[in-house]
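What follows is a single chain, given as structure tokens, in the form predicted alone.
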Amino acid sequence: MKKTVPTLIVMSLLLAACGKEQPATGPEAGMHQHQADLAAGKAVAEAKCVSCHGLDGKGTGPDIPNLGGQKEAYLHNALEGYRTGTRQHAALQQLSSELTEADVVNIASYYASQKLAGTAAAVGAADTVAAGKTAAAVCVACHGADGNSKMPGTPSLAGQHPGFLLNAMQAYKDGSRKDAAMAGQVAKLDKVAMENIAAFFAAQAPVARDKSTVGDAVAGEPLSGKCGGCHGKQGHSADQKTPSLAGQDAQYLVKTMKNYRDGGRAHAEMKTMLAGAKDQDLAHIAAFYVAQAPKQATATKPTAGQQWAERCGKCHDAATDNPAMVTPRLEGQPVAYLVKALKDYREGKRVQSAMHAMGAPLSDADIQAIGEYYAGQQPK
């Protein structure tokens, strides 16, 4: 299965993606071969651009970028991208094909001369853990306010890998895990909410559950040998997609193992591992894992929007702004536009190697946090 990129590698990718940017080259490098005519640019904007971007450069929809006050080099580069096909957007490709080089220079200069537009109401820098705590309100009755359940037969979620927690929620949502109560709860959640919930519970410190009253921990240790290959030594998993078992609830462990053994929960490898195991064997295995001290499976707190933006700012911040660079200004842009652009870079729908490297490790929740942060910044 696909593994999550280790934190060190992710940071390296981000830093590599956000290093020094080279000055504009190619068609945009020669943009000043034509003397800009703002009046002519305004006339073309009135004829071609106002329905989406307004005459002042403010986007007319939630997923349309603001152009007013953008860097001239960036606007010129974007239009050239649509003209040459390196940027994909049917309407803009058609429009840009109708423009002369002088039109491109004039439009870019005109919109660059307009005032930067801000959002109607600034939103805060999203924090995935804080957002997850709010979204997890539907979970606390069974799993505990901090993910440490006190309900027998119900698993604790605190300190589990976020990847495992997300996969489990998605499995309940798509029906590959069967549980009416869980299916009903996750049906109300979108992917961002589930990622935030996973981040919240992963960031909580796990607490040991009550020791098993059935089974023998000593007898369970050798029986747990097959389990350790995936769930880690003493039940401390190092795999993002595999849960830690140390300190977990005994009833839950026994019930889950029986479900895998008897086919109540579909998982071919688990069914094979538990084939032939007696109920008493399962009780011993559960007793062994309950006796182990739990520890947090992930030591890295998910990054808030402002923290991500510190990395983005190496190229995009006004403080490092250079008229010759083709990176856009992001402050005050609509959330929906920023989110869509980042997802397109992440998924390769927009072709730009540095931005793809930047976006590749980002979850939907991370992208939402970045979008909300920049949308909440007022242009200067």
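For the two forms, the rigid core is made up of the largest set of C-alpha atoms that agree within 1.5 Å on superposition. Every value quoted in this text rests on a predicted model; they were computed, and no experiment measured them. Don't overthink the numbering: it's just position in the shown sequence, from 1.
Below, we turn to the form predicted together with a small molecule, even though it does not appear here.
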Check: Quick check: do Leu79, His89 and Thr256 each get a heavy atom within 4.5 Å of the small molecule in the predicted bound form?
Finding: yes
Notebook entry, point to check: in the predicted bound form, which of the listed residues (Ala168, Ala291, Ala158, Ala283) lies with a heavy atom within 4.5 Å of the small molecule?
Noted result: Ala168
Check: Applying a 4.5 Å heavy atom distance criterion, does Gln35 contact the small molecule in the predicted bound form?
Finding: no
Next item on the list: Mark Gln185 yes when one of its heavy atoms lies within 4.5 Å of a heavy atom of the small molecule in the predicted bound form, and no otherwise.
Entry: yes
Next item on the list: Check whether Lys340 has any heavy atom within 4.5 Å of a heavy atom of the small molecule in the predicted bound form, and answer yes or no.
Entry: yes
Check: Can any non-hydrogen atom of Val138 be found within 4.5 angstroms of the small molecule in the predicted bound form?
Finding: yes
Note to self: Once both forms sit on the same rigid core, is the C-alpha displacement of Gly81 at or above 2 Å between the shown form and the other one?
What the structure shows: yes
Checklist line | Rigid core superposed: Asp281 CA moves 2 Å or more between the shown form and the other one | finding: no
Next item on the list: Verify the C-alpha shift of Tyr260 between the shown form and the other one: is it 2 Å or more after superposing the core?
Entry: no
